[in-house]
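One chain comes next, on its own, written out as structure tokens in the form predicted alone.
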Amino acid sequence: MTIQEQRPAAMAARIDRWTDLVRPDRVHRTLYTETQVFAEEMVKVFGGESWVYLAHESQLPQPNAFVSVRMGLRPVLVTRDRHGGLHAIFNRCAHRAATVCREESGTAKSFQCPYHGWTFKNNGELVGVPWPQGYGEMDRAEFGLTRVTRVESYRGFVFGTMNADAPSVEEWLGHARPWLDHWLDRAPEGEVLLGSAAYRMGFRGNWKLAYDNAGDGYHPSFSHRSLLEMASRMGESKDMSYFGRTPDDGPMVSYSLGNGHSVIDQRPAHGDEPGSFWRNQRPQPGREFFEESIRAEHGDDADRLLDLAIGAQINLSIFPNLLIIGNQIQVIEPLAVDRTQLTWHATRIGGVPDEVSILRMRTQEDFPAFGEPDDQANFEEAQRGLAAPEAEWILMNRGLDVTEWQSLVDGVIVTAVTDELHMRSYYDEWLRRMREEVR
């Protein structure tokens, strides 16, 4: 058999392998437990042909700023050069692989490797090698820091890909882009800013458990029962209490947006009149005092301002690692096949009174403290359950044959909020990535 004949056979075997593990109504447990699958994901899903969320431009507020992130397992420095241009470079010395920067963020015109002193500009260019005569005729251009092949920003969100031929970020966002625009355009000045710190939570489970859950409107009635009971004591319409009833009988819906993206829209459960988001919010420290101050100062505009203190009431999932939850940005960071870090970034906005900014921050303390621990406990217990090899499958069949739940609107599938279409749709994208040849 010639090489040309072997290659299609090898590709067919690979496709058959994944097809057998991802079926229309279920996925195999090994996708969450096998180290080899995880290693391949880190190359193909968090690299390869994919756009991966790296950072937000507000984390790089000035020339020569940098922030240390991960692209899958790759340590990456997102930097601005002295002219303000954006770069993403591997935090890995070209000489002997040590990281050249050990700080989380800051400003630096250059990075010097602490191991052997090689020095690189913040765009990755090699500019200094101690005692260079030991290298003879060394071409420094060959030994700069490895660059993320393409870096693009969409309204402050910085993405990277190792694929020189990938479509633009705007094309790849596709139907998710209007939802991201909506989230940004709630701010009076059309932008959000991230704080200098973040809230990090780790769990002993596979990264896909977090993405499975992000578009899941089925679990809140059970996973967040204590939170819902607290909310219900303040009135049936308080935030998230509508999940405690039969959620598919209400106005909430879920959208499958293509390219692995999805969104849960909770806004219809709140109503669309000014002040409805604020009135349905759970209690917060100092709420009454700040509301009184805002109403006294701003009169008829108070309802609009108070609504900006409350989350956008959408859960937007951008494959593979970016989640927009309320007013916050959450990043899924795989660490190992059974270890994941979730990083929550609080946001602030301009064009609002200080009291709104304070209330907005208090609101952003709510779910990470009272809801996310419920989810992470479930992720860890799911990973424990996956250790049973005889129980092979994870089901994602809710809504699969319930045709009356789904409709097609402008190329987007709209479905009931408890449908597991989110999971089925992102696994379609996962399959496309895992079947690609690495260049």
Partner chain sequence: MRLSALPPQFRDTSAHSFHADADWYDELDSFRALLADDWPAAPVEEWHLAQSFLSREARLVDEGRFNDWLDLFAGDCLYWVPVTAGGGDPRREVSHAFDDHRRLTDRVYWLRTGLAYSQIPASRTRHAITNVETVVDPEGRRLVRSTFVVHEFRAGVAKTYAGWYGHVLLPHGDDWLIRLKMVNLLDSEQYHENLTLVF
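Residue numbers count along the first chain shown, from 1. Source: prediction; values computed, not measured.
Although it is not shown, the form predicted together with its partner chain is what the next lines describe.
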Notebook entry, point to check: Within 4.5 Å of its partner chain in the model of the complex, do we find a heavy atom from each of Phe143, Ser168 and Gly174?
Noted result: no
Notebook entry, point to check: Ok, Ala198, Val129, Val352, Ala108: which has a heavy atom sitting within 4.5 Å of its partner chain in the model of the complex?
Noted result: Ala198
Check: Though its partner chain is not shown, can you say which of Ala214, Val192, Val337, Ala346 has a heavy atom within 4.5 Å of it in the model of the complex?
Finding: Ala346
Next item on the list: Check whether Ser357 has any heavy atom within 4.5 Å of a heavy atom of its partner chain in the model of the complex, and answer yes or no.
Entry: yes
Item checked: Proximity of Asp300 to its partner chain in the model of the complex, heavy atoms at 4.5 Å -> no
Check: Is there a heavy atom of Phe319 lying 4.5 Å or less from a heavy atom of its partner chain in the model of the complex?
Finding: no
Margin query: Although the partner isn't part of this model, could you tell me whether Trp179 comes within 4.5 Å of its partner chain in the model of the complex, counting any heavy atom of the residue?
Written below: no
Item checked: Interface segment, criterion being heavy atoms within 4.5 Å of its partner chain in the model of the complex, picked from 252-260, 79-87, 110-118, 215-223 -> 215-223
Next item on the list: For the stretch 79-113, return the residues whose heavy atoms include at least one within 4.5 Å of its partner chain in the model of the complex, in the order they occur.
Entry: Glu104
